[in-house]
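One chain is shown next in C-alpha cells, namely the form predicted alone.
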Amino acid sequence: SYKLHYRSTISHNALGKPHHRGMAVYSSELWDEIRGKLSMFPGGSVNLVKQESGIAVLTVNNPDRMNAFSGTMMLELQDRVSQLENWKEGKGLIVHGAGGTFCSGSDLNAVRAISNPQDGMKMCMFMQDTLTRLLRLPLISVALVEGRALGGGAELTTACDFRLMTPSSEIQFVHKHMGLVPGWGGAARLVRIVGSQGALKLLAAALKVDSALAERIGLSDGVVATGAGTALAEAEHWLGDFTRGPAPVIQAIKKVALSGRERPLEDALRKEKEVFGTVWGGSANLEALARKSKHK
C-alpha cells in the first residue's frame, strides 16, 4: 500500500545519489520502477540558475512541445527542488517556461506509455510529492505565466506562493477534456487559492482564465509587461519587494506562513515558536535593535 507521511526522509534523485527530501508527502519505496519508466522518455530540460541576489530562476525548457514535461524532465524537476531545499542563501524563486509560454503539462508520449492505472498512480504520487516540496520550500516563490499554462502546467502554477501573468497569457485546467481530474495536487491547492466554489467552476467548465479574470478571482497577483526579457525582469523586481533582507529572516517568514496555512492552530503556534527561536537574538535582530529600526 502507499504510505503517507509528513516527515523528512532520505531518497535517491534521478542520478541515484541520496538527498534530503525535506517536507515530503509520500514514502518513495515504490518509486524505483516509475523512475526507470520515466527515464525512458527523454526530451527537454529543467534548468536552475541561482543568483547572488538570493532569487533563483527555474526554467521549464521544452519549447518544441509547449514546455510539456517529458519523463526525464519530471526527474530533473525533483532534482532541482532538492537543490533548492539545501540552498541556505536562497530567498526567492521564479518558475517560468522557455520560449514565451509556460507549460502544457505532461508529454503525451510518456503518458500513453504509462497509461495503466498502477503506473499512472505512481506518476501521480511522484509529481504530487515533487510539487508539494516545491510549495514547501523555505523560499518565496512566484510562477511567471507567459503564453499558456495548461493541465499539469496550470497545476504547476498553484505550487508557487504567487502567480504573475502577462496580458495575453492564459491558465486553463483542461483535465476534463482529457477525461481526467488534476493529479499533481492542483485541485487541492486551487481550492486554497480561489475557494472551493471557484475551483469547482474552473475545473468543471475547464475555463480559459485570462489575466484580467485571474486577477479578479485571486488566481493571479498581478500583470507584468511582455517583451524580450521584460517579463522576467519585472517578476524579479516584483519578488524583490518580498525578499529584501537577510536570507534567514525571509526563510523564517515563509516557514511560519506555510505552517499557518497547513497545520492546525496549536501545531502552527508551536512551529511559529520554534522558528521565532531561530531568529531571536540573531545577527539581523541585533542589528535592527541597534538601529532602532522597528518603526521605519
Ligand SMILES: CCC(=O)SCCNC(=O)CCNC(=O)[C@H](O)C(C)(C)COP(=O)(O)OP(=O)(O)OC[C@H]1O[C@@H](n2cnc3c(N)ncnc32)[C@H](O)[C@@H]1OP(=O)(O)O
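What you see is a predicted model; the values in this text were computed from it and never measured. The numbering used is simple: start at 1 and walk along the sequence shown.
Just so you know, the form predicted together with the ligand exists too; it's not on screen, but the next bit is about it.
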TODO: Given the ligand as it appears in the predicted complex, superposed onto the chain shown via the C-alphas lining its site, indicate whether the pocket is open or blocked by backbone or C-beta atoms at a 2.4 Å cut-off with 3 or more atoms counting as blocked.
DONE: open
TODO: Consider the chain as shown here, without its partner, and state which of Arg133, Arg80, His96, Arg148 has a heavy atom within 4.5 Å of the ligand in the predicted complex.
DONE: Arg148
Task: Candidate from Ser220, Ser141, Ser169, Ser106 lying within 4.5 Å of the ligand in the predicted complex - any heavy atom - done: Ser106
Open item on the list: Taking the ligand as it sits in the predicted complex, is Gly152 near enough to touch it, meaning that at least one heavy atom pair lies within 4.5 angstroms?
Closed with: yes
Open item on the list: Residue-level question: is Arg163 within 4.5 Å of the ligand in the predicted complex, judged on heavy atoms?
Closed with: no
TODO: Answer yes if any heavy atom of Met66 is within 4.5 Å of a heavy atom of the ligand in the predicted complex; otherwise answer no.
DONE: yes
Task: Any non-hydrogen atom of Ala188 within 4.5 angstroms of the ligand in the predicted complex - done: no
Open item on the list: Please identify, from 66-74, 35-43, 243-251, 48-56, the stretch that has a heavy atom within 4.5 Å of the ligand in the predicted complex.
Closed with: 66-74
- [ ] Would you give me the residues of 168-200 that have any heavy atom within 4.5 Å of the ligand in the predicted complex, in order from first to last?
- [x] Val174, His175, Met178, Leu180, Trp184
